[in-house]
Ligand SMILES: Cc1cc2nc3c(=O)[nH]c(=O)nc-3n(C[C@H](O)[C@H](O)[C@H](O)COP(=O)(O)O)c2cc1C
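First comes one chain, alone, set out as structure tokens in the form predicted on its own.
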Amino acid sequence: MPRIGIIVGSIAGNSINRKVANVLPALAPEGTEFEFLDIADLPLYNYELDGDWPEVATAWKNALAGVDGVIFVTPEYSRSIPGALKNAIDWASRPWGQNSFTGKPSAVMGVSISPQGTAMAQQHLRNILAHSDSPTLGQPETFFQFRADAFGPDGSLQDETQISILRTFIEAAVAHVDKHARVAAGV
């Protein structure tokens, strides 16, 4: 089974996207490994640093190299992805010719209090990932509507309909990453 990185587009400590992302590993097929890849400490990308990268940026690229694929869970800010997420992708795609997303399969979803709240952000992210040569899962598109009452005090998701939505997404994402990882490995 693949090792999948989960990138939450929000750096807020109480992010609803993080709360939902935390549920995904428990719904995934058995044997799938996950690693949460943190973007919060990355400085703003500056090409003048390409010759002397900060340690946190090098660690970020190494973390991406250590996973077979990536799941993005992103909010929508001003009809696009958060600046922190775009910044993380910019670091990952540099220096020229060393794009960490080239050939790395990805899946995209988002969480909002509204049912369609992350549609524009997801579309922008898919465009960025296409430019980055990341094979991106097309279906199911997952626009997850957050409801606080659907979660138990321990953070577990209690609503069966929402569990089903997330399970469908995570199963498709894992299959997508696994398929591309096998091709990359020549299996």
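The numbering used is simple: start at 1 and walk along the sequence shown. This is a predicted model, so every value here is computed, not measured.
The form predicted in complex with the ligand is left out here; the points below concern that form.
* To do: Using the partner position in the predicted bound form, report whether Asn99 sits within 4.5 Å of the ligand, counting heavy atoms only.
  => No.
* Residue contact check: Ile16 to the ligand in the predicted bound form, 4.5 Å heavy atom -> Ile16 belongs to the contact set for the ligand.
* Asked: Would Ser112 show up as a contact with the ligand in the predicted bound form if we use heavy atoms at 4.5 Å?
  -> Ser112: yes, in contact with the ligand in the predicted bound form.
* Consider Ser10 of the chain shown here, and say whether it contacts the ligand in the predicted bound form, taking contact as heavy atoms within 4.5 Å. => Judged by the heavy-atom cut-off of 4.5 Å, Ser10 is in contact with the ligand in the predicted bound form.
* Asked: So which residues in 64 to 89, when you check the ligand in the predicted bound form, have a heavy atom no farther than 4.5 Å from it?
  -> Those in contact are Pro75, Glu76, Tyr77, Ser78, Arg79.
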